[in-house]
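Just one chain is shown here, as structure tokens, and it is the form predicted alone.
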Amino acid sequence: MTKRLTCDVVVVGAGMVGAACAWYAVRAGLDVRLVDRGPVSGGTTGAGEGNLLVSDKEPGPELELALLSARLWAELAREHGAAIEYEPKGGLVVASTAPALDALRDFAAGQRDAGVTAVPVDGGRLAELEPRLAPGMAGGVHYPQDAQVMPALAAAHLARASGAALHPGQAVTGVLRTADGTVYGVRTDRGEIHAPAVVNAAGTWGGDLAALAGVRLPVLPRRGFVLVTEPLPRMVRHKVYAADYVADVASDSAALRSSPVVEGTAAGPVLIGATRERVGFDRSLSLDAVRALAAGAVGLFPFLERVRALRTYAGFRPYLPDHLPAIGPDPRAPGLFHACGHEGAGIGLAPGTGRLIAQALTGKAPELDLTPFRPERFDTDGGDAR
């Protein structure tokens, strides 16, 4: 079947990952349409904290992607400056007990071997980095490579600056395939867009888009709340979290899990996370989750007990059962590429993902081995962790 091409690539999903895919694909010389059923940053990206972390990742493919992305974020910051509110504040992971500190230091040693800068900090020196931290902590590890952006602003800026044609408020209702299964574009509620490549950057809804193309990708929503305080002077200098946060990220449990992550912002409010639970797309306020956030934050920074919380909001992280995103071409539907399933790390991993997708789209050798991220890897797992 011969169809007149509208463009070279349709990127579905205008969150941070989709914006990064559009940015790097245009720079690779491709004509790109960026389509989303809602506004730019209207999904998970708009409900995120903007974490750009290497500190929470064990050695392996995700850490390699995080290190690549950290370098690319620094390049983007030099090019775009204040437009994305990039802040290389660094991270501080703290342990309250000696056994927890031993485990944290062992974890950090493996990260250092993989290229992460991880600096042990004795308990007596924690106050030099964070003067308002609760006393009595056993120690911690300082990660100067951790950073932050304002996620909705960064995604919107990159989407606009990419040069891609933007199509917000346009829902994809089908993925177009020829008789032999080759993808040739998408059907939307406003008509068809024909292209030899479609990128699935639909985040939490990436599984639904994959299903429109006739393939399986078991993306599930993992709800998380963020608590936002009144504006304050800069009282928290780094992104500070407890050592058990790493275990919560890696957990497969559907039940509520909470470990404190506290950080200041350029605008003044302190952001407090992080909870994780699989409850479908239920946006109901969970008092248990919010209380856990508040208690954990006060445990790290006692001064927060006297600070007003102005609001809380929820978002859905796109969870895949093995905690790795799907990145790259889908052999089950030639012309379909995936860039989704990053769970809570999508903001941080977006530039590396976008660069890898652009390389795959143009037939270049990828900077990282895409094998661990292959989208068809779940076809033989016997289930989808529901």
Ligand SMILES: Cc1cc2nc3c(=O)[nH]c(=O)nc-3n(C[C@H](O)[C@H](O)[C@H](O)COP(=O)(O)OP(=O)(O)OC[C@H]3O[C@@H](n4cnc5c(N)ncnc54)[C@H](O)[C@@H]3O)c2cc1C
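When you see a residue number, it is the position in the sequence shown, counting from 1. A quick note: this is a predicted structure, and the numbers were derived from the prediction, not measured.
Beyond the structure shown, there is the form predicted in complex with the named molecule, which is absent from this document and is the topic of what follows.
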### Task
Report yes if any heavy atom of L232 sits within 4.5 Å of a heavy atom of the named molecule in the predicted bound form; otherwise report no.
no
Might G315 be said to contact the named molecule in the predicted bound form, defining contact as any heavy atom within 4.5 Å?
yes
Using a 4.5 angstroms cut-off on non-hydrogen atoms, would D330 count as touching the named molecule in the predicted bound form? no
| said: A274 versus the named molecule, in the predicted bound form: is there a non-hydrogen atom within 4.5 Å? | reply: yes
query: Has each of G18, Q170 and G344 got a heavy atom lying within 4.5 angstroms of the named molecule in the predicted bound form?
result: yes
Per contact check vs the named molecule in the predicted bound form (non-hydrogen atom within 4.5 angstroms), the hit among 354 to 362, 45 to 53, 322 to 330, 64 to 72 is 45 to 53
